[in-house]
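Before any questions on how it binds or moves, here is one chain, the form predicted alone, in structure tokens.
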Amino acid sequence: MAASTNAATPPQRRSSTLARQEALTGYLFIAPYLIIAGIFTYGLLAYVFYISFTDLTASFAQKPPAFVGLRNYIRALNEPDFRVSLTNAFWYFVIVTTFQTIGAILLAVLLNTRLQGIRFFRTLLYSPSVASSVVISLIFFWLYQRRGFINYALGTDIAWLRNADRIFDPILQVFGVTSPPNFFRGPSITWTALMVMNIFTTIPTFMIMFLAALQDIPGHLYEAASIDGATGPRAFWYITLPMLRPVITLVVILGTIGTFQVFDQAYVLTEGGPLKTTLTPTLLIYQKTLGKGTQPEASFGAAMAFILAAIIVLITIIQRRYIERANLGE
């Protein structure tokens, strides 16, 4: 009787029923993740967005917090420390993203050769990216000491982690500019030292991405180019770089997000000093929210966090549109 019923069911209807059953099974499998992510990610995100419009200052146990509108956002935009942290983050983003992208491409090209022992060098160069950022920070803390290895090797006596001098000041003074705005004076020597450390630890990760992309480039493209006389740097410029553009887009966007969210290195090595020249937005948000040395201001910290998120999203959209236009040759 069942066989006769199935035989009477149209094939299109049976296919639709099977598709619904498969979809239901899929939803059941991912239901645990959706529930956990909904509660502990999106639920908490919505709650933090809510408290950014309240006066929750003393503790999270304060009930109910009063609605204050955009007061926390206006205060954050007028907060001098927040503007300083955004300026520091901007220099960090520009310099670190540029050098880590270029360095990762060059290192990937170098490791994409068929030399004896190349796997050993790939493993060796990738190893810094698997180490804990706190461990790397402590190693560099020793290197940057006044009596550390760097000063010993260079024969200098520079307090790398306590030097608030701006690196562009000597260059501007050559052109007679002795009192430029702080923004144009560039990052401090301490902040630059932290940038070097971050570039050192992030290049291996992005190098792996570029190396995988390089090995997907068809060899016949280089063979055709060599017939036309395009070898070496010309082949790199006209074949390798265009084929790497999707990965470059990904690396630049990931680098942008990572640089604006930098926290652990500045927290471990300098705690925002000297003279707030290494103060980052996330470090300031942490200090304000949990009240490190001051009264906890959860709502104020939440407002700064959403302003920072908006800045990251805006820069990411601009980068993506610019790179997509470059890919289309506009």
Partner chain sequence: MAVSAKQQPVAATSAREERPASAYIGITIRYLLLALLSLFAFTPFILSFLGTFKTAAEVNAFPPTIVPEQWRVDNWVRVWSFSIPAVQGRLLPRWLFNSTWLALVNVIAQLFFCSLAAYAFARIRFPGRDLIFTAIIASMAIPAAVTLIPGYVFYSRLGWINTYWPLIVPKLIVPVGILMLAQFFRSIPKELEEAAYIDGLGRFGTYWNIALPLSKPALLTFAILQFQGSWNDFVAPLLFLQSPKLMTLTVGMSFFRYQYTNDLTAILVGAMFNAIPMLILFFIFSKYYIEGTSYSGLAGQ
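Numbering follows the first chain given and starts at 1. Predicted model, so just to flag it, every value in this text is computed and none were measured.
What follows is about the form predicted in complex with the partner chain, which we do not show.
Chemist: Taking heavy atoms only, is Phe40 within 4.5 angstroms of the partner chain in the model of the complex?
Modeler: Yes.
Chemist: Please determine whether Leu143 contacts the partner chain in the model of the complex, using a 4.5 Å cut-off between heavy atoms.
Modeler: Because a heavy atom of Leu143 falls inside 4.5 Å of the partner chain in the model of the complex, the answer is yes.
Chemist: Contact with the partner chain in the model of the complex for Thr282, defined as at least one heavy atom pair within 4.5 Å: yes or no?
Modeler: Thr282: contacts the partner chain in the model of the complex.
Chemist: Heavy atoms within 4.5 Å of the partner chain in the model of the complex: does Phe67 have any?
Modeler: Contact check for Phe67: no, nothing within 4.5 Å of the partner chain in the model of the complex.
Chemist: Can you work out whether the partner chain is within 4.5 angstroms of a heavy atom in all three of Leu45, Val134 and Asp216 in the model of the complex?
Modeler: Affirmative, all three are within 4.5 Å.
Chemist: Counting any heavy atom within 4.5 Å as contact, can you tell me which stretch out of 255-263, 87-95, 177-185, 68-76 lines the partner chain in the model of the complex?
Modeler: Contact criterion met by 255-263 only.
Chemist: Do any residues of 118-132 have a non-hydrogen atom within 4.5 angstroms of the partner chain in the model of the complex? If so, which ones, in sequence order?
Modeler: Heavy-atom contacts within 4.5 Å come from Ile118, Arg119, Phe121, Arg122, Thr123, Leu124, Leu125, Tyr126, Ser127, Pro128, Ser129, Val130, Ala131, Ser132.
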